[in-house]
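You are given structure tokens for the same protein chain in two forms, set apart as structure 1 and structure 2.
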Structure 1
């Protein structure tokens, strides 16, 4: 997660208004779902990769690897769609078959899902979470929900760092030399991480109450700029997807 956050803060679109970037990603997702064609999903994936690499200057090996991992997981998920289950014969209760129709359905589902996940990957690599929370405040989302999202996000990195230190300490003491010691070390790490999480939350609660917390974490809003390029790219994206849908 830390490397996604690193590029989200250092990309070229960092200070573009989060509403524009979120709107562009949402437009791609809506069109990818509404225009039920494999070509639309493939084209959406290409658009998101191109925008992330060329426009936002995120390295292709980073963004491409993220989309490739998502595609691999989605491919495993649609295997069940490609394999059809039918009543068996000859004493077998069920029979499994792969037909051209089931493969076409699975491929269509894979391309649509990959197009949507690539749009989400573009948003994740170009927009930090704090900007998305600012956008939520602009849209009038409940402050409690935004505060919980912010605290969970911050605690995730802190606990991952603590977990890494604990595992390293166990490794240098040969805590994972064999299966029995490994299970014992894993149990110790899990219990200690749970205790540390509870202690951190207690300290945070005391600190917030000492500073007059009244149900809303007041932070300074970010300074963003609006870009006409976003609207032009959105129009080009929508036109190309509609053209691909009509052509196919």
Structure 2
């Protein structure tokens, strides 16, 4: 789960204001949804992969794999749009039909969703979650909600590490050899993880109270720089997408 997170902290756009990066990704998503043409979707995918690889220096292999996995899932779902079902005739209970129109809808959907997905991947690979929570604070979201999100984010990795250790320990003892043992091992690990969660909560509570915890988790806001090239890129992105929309 930490592979995207690692690039989010180490890419070249790490210290650019999160609002600018989120704005760029949202612009791409909104244009993709609003213009709704295959050419726009394909172009957005290209744009976002290019920005991620050339501008943010995320390896193409990693960014591409993330988009590809979603793409396969997407292809699954799109089959349902491409194939049309109706009560059949001549002894068959159902008949399936693929018309050129339904194929066009499905293709449009596939490209549009792929474009939006790569915009999301661009945001995920360039912006750490803490920066986005910072952005939420600037936008005036309730502090309690942001505290909860921060706690979930921080402890996800701690708990994940415990989980991995426990699962490895079970695996070397053949804990997942067959279905029955696998189920028992998984249940055991989940219940131990629950206890671990509970104990961590208590330890965190004691540690925070020892430092004068009064109900708010205060962290220093990050320092970001605003980049002029974001505006230029946003303008280029929007105009090229509009051009693709008008041209095809």
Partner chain sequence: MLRKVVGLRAFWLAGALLLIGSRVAWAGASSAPQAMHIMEGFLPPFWAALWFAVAIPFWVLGFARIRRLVAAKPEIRLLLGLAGAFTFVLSALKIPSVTGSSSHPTGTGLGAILFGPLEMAILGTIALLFQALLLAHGGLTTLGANAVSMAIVGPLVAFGIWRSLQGRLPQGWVVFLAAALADLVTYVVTSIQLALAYPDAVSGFLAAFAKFGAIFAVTQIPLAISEGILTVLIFQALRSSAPDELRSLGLQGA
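Numbering follows the first chain given and starts at 1. Just so we're on the same page, rigid core means the largest C-alpha set that superposes within 1.5 Å between forms. It should be emphasised that the depicted structure is a prediction, and the values quoted were computed from it without experimental measurement.
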*Between structure 1 and structure 2, which should be identified as the form predicted alone?*
1
_If the two forms are fitted on the core, does residue 38 show a Cα displacement reaching 2 angstroms between structure 1 and structure 2?_
no
*residue 182 C-alpha moves between structure 1 and structure 2 by 2 Å or more, core aligned*: yes
_Please determine whether the C-alpha atom of residue 57 is displaced by 2 Å or more between structure 1 and structure 2 following superposition on the rigid core._
no
*How much does the C-alpha of residue 206 shift between structure 1 and structure 2, in angstrom, given a rigid core superposition?*
4.5
